[in-house]
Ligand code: PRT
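This document opens with one chain alone, in structure tokens, the form predicted on its own.
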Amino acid sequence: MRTLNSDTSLRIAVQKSGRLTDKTLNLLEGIGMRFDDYKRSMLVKCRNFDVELLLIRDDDIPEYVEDGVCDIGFVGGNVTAEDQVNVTVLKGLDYGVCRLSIAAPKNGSIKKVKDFDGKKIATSYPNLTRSFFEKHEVSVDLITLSGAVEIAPRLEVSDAISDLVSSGNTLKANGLVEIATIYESETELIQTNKPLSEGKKKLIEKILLRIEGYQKAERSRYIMMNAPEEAIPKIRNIIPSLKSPTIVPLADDGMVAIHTVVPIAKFWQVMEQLKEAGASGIVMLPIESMIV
């Protein structure tokens, strides 16, 4: 597939179908990109941005970015680490979080890392798994499988497994228990190390700025409350992030309206304290984006 000749157009690799697809496309739409129906095409142009998406298998994304077929790509860190490609990780994206773990039958003899010595381990991640055991000076026999790794011990194909874990429910369903974590993974935005034009670099910077604003907005909420003037110092102490809230006098003497932005997790922790400090009419609103 040819690379783009334009000095400004970006080609972005995105997983065609899988656990990262919807969240990645929602993120791109959340930062203002508009696309036609991406389910019917492998190559999709953005209607309002100098960008096109290449929708491919997640396993192919690191190589396409490394070779410069795509300028940037969204992919699980586990895939990039396993493939050992020469790319630059621009940003971790806080979704698609999982871990590569070694696991063994719950009622078996393997209880710690040293117990894997001489055992057969089924995995789709031989490079990361091999490196882990080499670091611990444990000799194992790796069996590379492309799928259904979790049932390998039940089929007596292996003694244990090395596989991705999110909730751990799949392991439990197959009578397995985690022994150790090999690699902590999340979705990453990666960039080719091939030379990029200044136009492309500027566009990538713009995308990174928008992503940062979008993610900060997701983690924050705009809150409004009424309170007596004398309660302002208490409210500042309850929510130290209130460095410069908007404070507006109300028609009622001695009352003010306080507007600010706070992390959503912190708001739920301090809401009752705000009420005790005299705040009332507390309203919490979502934020579409934040540029700070």
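Here the structure is a predicted model, which means the values were calculated and not measured. Throughout, we count residues from 1 along the sequence that is shown.
What comes next is about the form predicted together with phosphoribosyl ATP, which does not appear here.
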item	value
Phosphoribosyl ATP contact at A81 in the predicted complex, heavy atom, 4.5 Å	no
Contact flag, D59 vs phosphoribosyl ATP in the predicted complex, heavy atom cut 4.5 Å	yes
Phosphoribosyl ATP contact in the predicted complex: K275, any heavy atom under 4.5 Å	no
Any non-hydrogen atom of Y214 within 4.5 angstroms of phosphoribosyl ATP in the predicted complex	no
Answer option from V177, V89, V157, V97, heavy atom within 4.5 Å of phosphoribosyl ATP in the predicted complex	V97
Candidate stretches 50 to 58, 246 to 254, 223 to 231, 35 to 43 - the one whose heavy atoms come within 4.5 Å of phosphoribosyl ATP in the predicted complex	50 to 58
Contacts with phosphoribosyl ATP in the predicted complex, stretch 117 to 151 (heavy atom within 4.5 Å)	Y125, E150
